[in-house]
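The chain below stands alone, shown as structure tokens; this is the form predicted on its own.
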């Protein structure tokens, strides 16, 4: 009898161990406000649902390449105006309904509608019409050629949704991805489960839980206790040396598309003055911020463009750290004694820690900042949508997003017709050399206008269990793609 019980206990233990190795818990610092990537700017939404739950006509690969998604192929007319997409056969949404061309028409028309709340509505403004040729063929006609159209269709804002499930998409997302939404415990975690009817390569994990841990000390404790299996974009870089020395863990070092900026409200009474913006830019010691807030992780930037991109222009010389010159500029602008303003900070550690350092640097030239630490929903409401701020710090992690400087209603409210014309040309230009020239001209103008204080390109440093493989080391898009993640011995 004792042998039977012992064997039974052993069998249970082995079964439990096997189950554990098919699940993974991933720590994230920010909880999304909801789960509809097509109606909000929060990158935390894409972190959870992009590729995992929702898919687009095209999709980003781990190297930033644009690959077939729900469209297995496409043809482009000779004039570059008409894209004809062939949808994959046998694709179903998680509720069992079939994907067809009508869902694509609905998704793209919804994104470009007059009342659309899509945060990247500009991606769709160049579309003239979307037609269902038949159940598996979609024809998209553009107003003018777009060199970035297939790239744009890979964004999380362009995923395909169904009219049948759109009403509850924010709390019950139904997509076509390798994982299905399972549960959301507000303030704690979101769980996904494997989609057994996935059209493509099935997920290797049975279950993924995204655990929201905002405090760096709590993130460290959770990793060390192995309560979580990975922490994507680990928030306390000072701990990375310790993790690197522990054989239980692996530290992934990569890059992101995240230009971290000290954003200035260009319609604020102070920052509407270019001389003030220049003074702020020259008061900033980028390396001190990288060392103090990021423990050396990050690449200094002088404009809103990723240094790893082949079209990047090094413009750091436009805003060198020069306190004396910054004071002169402030005096010239009419503020010899400085002034006071607000510095509203979202939760990420780069913002909270960087904000303290920047406040001290600005104090050296006479600018006093009233720091407010906001939760993500508050930041979106007050800063991003409400534009009620003087300064803020945020990392823009969307790929190739210099086009935001052509939007006067964007939260930093920069209005320059020359940039708007450049971005408009960039949107329709197909020649790579011409596109490079236009992108570089735009970089130079915003740098020389000191639209924002350009700090650093955000590094991606994640910590994983050494046996958990497949998490992307780089972040070509705002996603924690778990579709190819697995446990290895």
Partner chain sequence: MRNLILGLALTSIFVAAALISFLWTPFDVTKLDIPNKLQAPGGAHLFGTDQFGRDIFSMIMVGARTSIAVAIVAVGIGMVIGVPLGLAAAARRNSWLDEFIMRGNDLIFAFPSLVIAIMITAVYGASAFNAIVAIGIFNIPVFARVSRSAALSLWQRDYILSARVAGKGAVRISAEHILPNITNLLIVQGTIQFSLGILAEAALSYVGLGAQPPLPSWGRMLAESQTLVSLAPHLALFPGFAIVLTVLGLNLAGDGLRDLLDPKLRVART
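The term rigid core refers to the most C-alpha atoms you can superpose between the two forms while keeping them within 1.5 Å. From a predicted model like this one, the values you see are computed outputs, not experimental measurements. Positions refer to the first chain, counted from 1.
Below: the form predicted together with the partner chain, not depicted.
Visitor: Within 4.5 Å, heavy atoms only, one stretch in 264 to 272, 408 to 416, 186 to 194, 217 to 225 touches the partner chain in the model of the complex. Which?
Guide: One stretch meets the cut-off, namely 217 to 225.
Visitor: By the heavy atom within 4.5 Å rule, which residue out of 134, 253, 244, 364 makes contact with the partner chain in the model of the complex?
Guide: Only one listed residue qualifies here, and that residue is 364.
Visitor: Which residue, 166, 333, 371, 86, is the contact with the partner chain in the model of the complex, using a 4.5 Å heavy atom cutoff?
Guide: By the 4.5 Å heavy-atom cutoff, the listed residue in contact is 371.
Visitor: In the model of the complex, does residue 100 have a heavy atom within 4.5 Å of the partner chain?
Guide: Answer no; every heavy atom of residue 100 is more than 4.5 Å from the partner chain in the model of the complex.
Visitor: Using 4.5 Å between non-hydrogen atoms, is residue 357 touching the partner chain in the model of the complex?
Guide: Yes, residue 357 sits close enough to the partner chain in the model of the complex that at least one of its heavy atoms falls within 4.5 Å.
Visitor: Should residue 288 be counted as a contact of the partner chain in the model of the complex, where contact means heavy atoms within 4.5 Å?
Guide: Judged by the heavy-atom cut-off of 4.5 Å, residue 288 is in contact with the partner chain in the model of the complex.
Visitor: Check residue 236 for me: does it contact the partner chain in the model of the complex (non-hydrogen atoms, 4.5 angstroms)?
Guide: Residue 236: contacts the partner chain in the model of the complex.
Visitor: Using a rigid core alignment, state whether the CA of residue 292 is displaced by 2 Å or more between the shown form and the other one.
Guide: Comparing forms between the shown form and the other one, the residue 292 CA shifts at least 2 Å.
Visitor: Hey, does residue 360 budge by 2 Å or more at the Cα between the shown form and the other one once the core is superposed?
Guide: Yes, the C-alpha moves 2 Å or more.
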